[in-house]
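Quick setup: one chain, the form predicted alone, written in structure tokens, and binding and motion questions come after.
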Amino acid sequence: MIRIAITGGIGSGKTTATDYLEQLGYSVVDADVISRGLTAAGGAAIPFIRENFGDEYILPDGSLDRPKMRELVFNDPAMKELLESGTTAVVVNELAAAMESCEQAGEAVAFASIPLLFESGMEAAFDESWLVTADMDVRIRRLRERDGLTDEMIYKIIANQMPEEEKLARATRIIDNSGSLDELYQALDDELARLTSEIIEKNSCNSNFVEI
């Protein structure tokens, strides 16, 4: 099975890309979904958060107060590191197990959406890494419209992420999402066509192998 990690900075349109792949029938394991499950009511990370950050970061329903935690960690790198220390290992293990299930199901290609792919060093576990990127002004506009974030918070979040130039240098494939949805879909279709061609070529080579 070909394992592909998809990553991208906030506002790049990574989720739009993975939604399209799922519509086409591909499996996408989402690290953010796993993480949100950990911080939902009854989630495995809630006791850690309560112990290390206090009850004020837990909502009445027992889930993480995400806006309040976001305000804290993007103003205090030490608190950001502490939060990640209590969640990253669990996310990595659950993601690896989900990818293994895809392979056991006989899937030829499976994707994993991992926002902190390069920061976590997880790219070594994948055959390819696809970076969804977009012009900075486009990303900022999307975040204002989608999340209603202030410019101050947007810049803080972006400043806490790996510089885009480094991600561009480390990714094996670049998906530019600065334009329209149709342009994004076409870029993804082109990459999928390449993958299909490579799989067909590999299978053809294997079928022609004769053991002596």
Ligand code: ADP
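Numbers for residues come from their place in the sequence shown, where the first is 1. In this text the structure is predicted, and so the values were computed from the model without any measurement.
Not pictured, yet referred to below: the form predicted in complex with adenosine-5'-diphosphate.
Based on heavy atom distances of at most 4.5 Å to adenosine-5'-diphosphate in the model of the complex, which listed stretch, 176 to 184, 51 to 59, 37 to 45, 65 to 73, is the contact stretch? That would be stretch 176 to 184.
Given that adenosine-5'-diphosphate is not shown alongside this chain, does residue 188 nevertheless sit within 4.5 Å of it in the model of the complex, heavy atom to heavy atom? Flag for residue 188 set to no.
Can you tell me whether residue 21 touches adenosine-5'-diphosphate? I mean in the model of the complex, with a 4.5 angstroms heavy atom cut-off. Because no heavy atom of residue 21 falls inside 4.5 Å of adenosine-5'-diphosphate in the model of the complex, the answer is no.
Partner proximity in the model of the complex: residue 16 to adenosine-5'-diphosphate, non-hydrogen atom cutoff 4.5 Å: Answer yes; at least one heavy atom of residue 16 falls within 4.5 Å of adenosine-5'-diphosphate in the model of the complex.
Using a 4.5 Å cut-off on heavy atoms, what residues in 125 to 145 are near adenosine-5'-diphosphate in the model of the complex? Contacting residue: only 142.
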